[in-house]
Each structure stands twice: as structure tokens, then as C-alpha cells.
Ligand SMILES: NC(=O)c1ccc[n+]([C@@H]2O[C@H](COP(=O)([O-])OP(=O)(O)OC[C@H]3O[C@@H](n4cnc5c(N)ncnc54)[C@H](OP(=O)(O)O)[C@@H]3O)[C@@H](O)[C@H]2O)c1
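Have a look below at one chain only, the form predicted alone, in C-alpha cells format.
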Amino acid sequence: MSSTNPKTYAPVPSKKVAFLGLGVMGYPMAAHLALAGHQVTVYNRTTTKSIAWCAEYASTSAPKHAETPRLAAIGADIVFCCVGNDDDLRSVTLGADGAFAGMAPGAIFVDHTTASAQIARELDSAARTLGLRFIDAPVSGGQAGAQNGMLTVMCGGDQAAFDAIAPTAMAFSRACTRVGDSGAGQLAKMVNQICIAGLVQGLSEAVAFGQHAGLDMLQVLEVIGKGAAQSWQLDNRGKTMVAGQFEFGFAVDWMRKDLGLVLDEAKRNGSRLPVTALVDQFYADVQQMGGQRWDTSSLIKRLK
């Protein structure tokens, strides 16, 4: 993320916050918190990235880095987190070096990882035992949304805790909404990924069909984008599919992780997801083609 940022931040009281995990999402999310005037301490498993982040945002409110999640969390009003999966989340929250061990009673842990609803409920229970509060808050908007501070955040947890963190989270968000109790944020993100899986497969088939039929697909996409077929995927990925470009942040490996969470939850709650299960297998095909790091619109590669 460039240190020159066009986002205008709503005036909110400065908070002492921590951010755990400086990946493609966490790095710019933490940056927006610093640029909005919050005092940010960062932790990343690779310390050199934490040091680089602090150097890049040295002109903000004295950013710091910590060697462990516990040290990052000491004194923080809110601890934000964005890591890879359930196991990563446990590793940065629990145990002697976990964030929970450093947080003061009443502090709030906000998890932006796309993880299972079970881990959200597990950590909510553990936090309550320690006098802490926990919000599961997965995000949608991808790398571009994180860089532009325009993520959509789906939150599960206590209303009062949500009300306390929402103004601060708006530093990197376009919308931050509580959708229910603990775990509901993760379930809402699963709904989001089910929608995306079907939309991207449909768009892939449409573009491939039009190309095989000899149509000017850039023109066709422009036309149908003004009608009932319009979607974010069509507007943002249709042209890049036509161009054969698949380097836009949200990798196939990550989507398969997310769809695995969806399909596991569906088994528990009795949902039937035939299209989602099929698209998950199509993404497995893309992985076999060497497309693990291609973005999700690479489904069209199967159809060429």
C-alpha cells in the first residue's frame, strides 16, 4: 500500500490498537488504522515484515512492532487480527504468548480471518472466561478493498462490543455490520463465498461461450453489464477473463480453503450445495493446472 492514501477518515477518538498478521490483507488494514490516527502495534510471524511496516508508516502515531502476539496486545483497547486459518488463529490467541494472555479485562479481540464458525464460538467462550470480548469479523472486498480502505465487514458477537469497535474498524471499511451472535460473521462470509463461486463459474461459461461463438466479448460485456446480468464479478473480472489475466489477489488456494469451510458447515446444518460442491472441484482442476495462485476468475481456464 502506498503511503499516499486518498481515503478520508471520519474523526474518531484515537485508540491504542494491535494488528496481528501483515499479509496481503492485514498490511494495508493496519496501515489505514495508523493513517486514521490510531496508535498501532503490529505483530507478524516474519518479524522483518513488521519492521518494514513500521518504517513505511513511521510518520503516523509512533507505530511499534512486537515479537509475540501477547506483547503486541499489552495495553491495547482493540486487538485486530487477520491470519490464515483456524490453527493460525489459535496460535496467535491462546497460550502463554497468545494475545489473550496480554489483553486487559474489557479489551476486545476482532478477528478478520475467514475461519470456521466453531473457532469463533470457541474463542468467544475463552475470551469471556478471561473477562475479554471477541468479535468474529471476516471481510469481503479482496486485496483492492483492503488497500483502498473499502472492505465490507460481517460481524458476529455481543452488540456492545460491536458498537465499541465499529467506528475504529471503519478506518479500513466501507461497511461494518453486526449480523448476529458469535459465529454469525463467519456464517455470513460463507454465504458470500457461495454466491461468488456460482457467479464466477457462470461468468466463466458465458465468456467462453461468447468467445467460441466469435463474439466481441468486450462489447458484449459492456452491453449486458447494463442489464440484469450485471454484477461486481462481471464489472471487475469479465474484461480480465477475456484478456487471460489472473493476477488479482484472491488466490484459488484461498478460495478452496473457504469453500472447504462452507461444505463442512453445510454437512453440519443439513444444507444442500450441489453447485458450490461442483465449483469447488472445478477449482481443484485449476490447482492441478498449476493455478494455485491464480485469482478466482481463472475458472475460465478449464473451458479453453
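Start at 1 with the first residue shown and count on from there. Given the structure is predicted, the values throughout are model-derived calculations rather than measurements.
Here the subject shifts to the form predicted together with the named molecule, a form of this protein not shown in this document.
A.B. asks: For a quick test of understanding: in the predicted complex, does each of Ser204, Met217 and Trp294 have a heavy atom within 4.5 Å of the named molecule?
C.D. replies: Not one of the three qualifies.
A.B. asks: Determine which one of 23-31, 274-282, 57-65, 238-246 lies within 4.5 Å of the named molecule in the predicted complex, judging by heavy atom distances; exactly one does.
C.D. replies: Within 4.5 Å of the partner lies stretch 23-31.
A.B. asks: Do Ser91 and the named molecule come within 4.5 Å of each other in the predicted complex, heavy atoms counted?
C.D. replies: Result yes; Ser91 sits at the interface with the named molecule in the predicted complex.
A.B. asks: Answer yes if any heavy atom of Leu123 is within 4.5 Å of a heavy atom of the named molecule in the predicted complex; otherwise answer no.
C.D. replies: So Leu123 does not count as contacting the named molecule.
A.B. asks: For Gln143, is any heavy atom within 4.5 Å of the named molecule in the predicted complex, or not?
C.D. replies: Gln143 belongs to the contact set for the named molecule.
A.B. asks: Within 4.5 Å, heavy atoms only: does Val139 come near the named molecule in the predicted complex?
C.D. replies: Yes, Val139 is a contact residue.
A.B. asks: Can you work out which of Ser182, Thr114, Gln147, Thr168 has a heavy atom no more than 4.5 Å from the named molecule in the predicted complex?
C.D. replies: Looking at Ser182, Thr114, Gln147, Thr168 one by one, just Thr114 meets the 4.5 Å heavy-atom criterion.
A.B. asks: Quick one: from Leu187, Ala161, Cys82, Ala197, grab the residue that has a heavy atom within 4.5 Å of the named molecule in the predicted complex.
C.D. replies: Exactly one residue meets the criterion: Cys82.
A.B. asks: Output the sequence-ordered list of residues from 247-276 with at least one heavy atom within 4.5 Å of the named molecule in the predicted complex.
C.D. replies: Residues within 4.5 Å: Phe250, Trp254, Lys257, Asp258.
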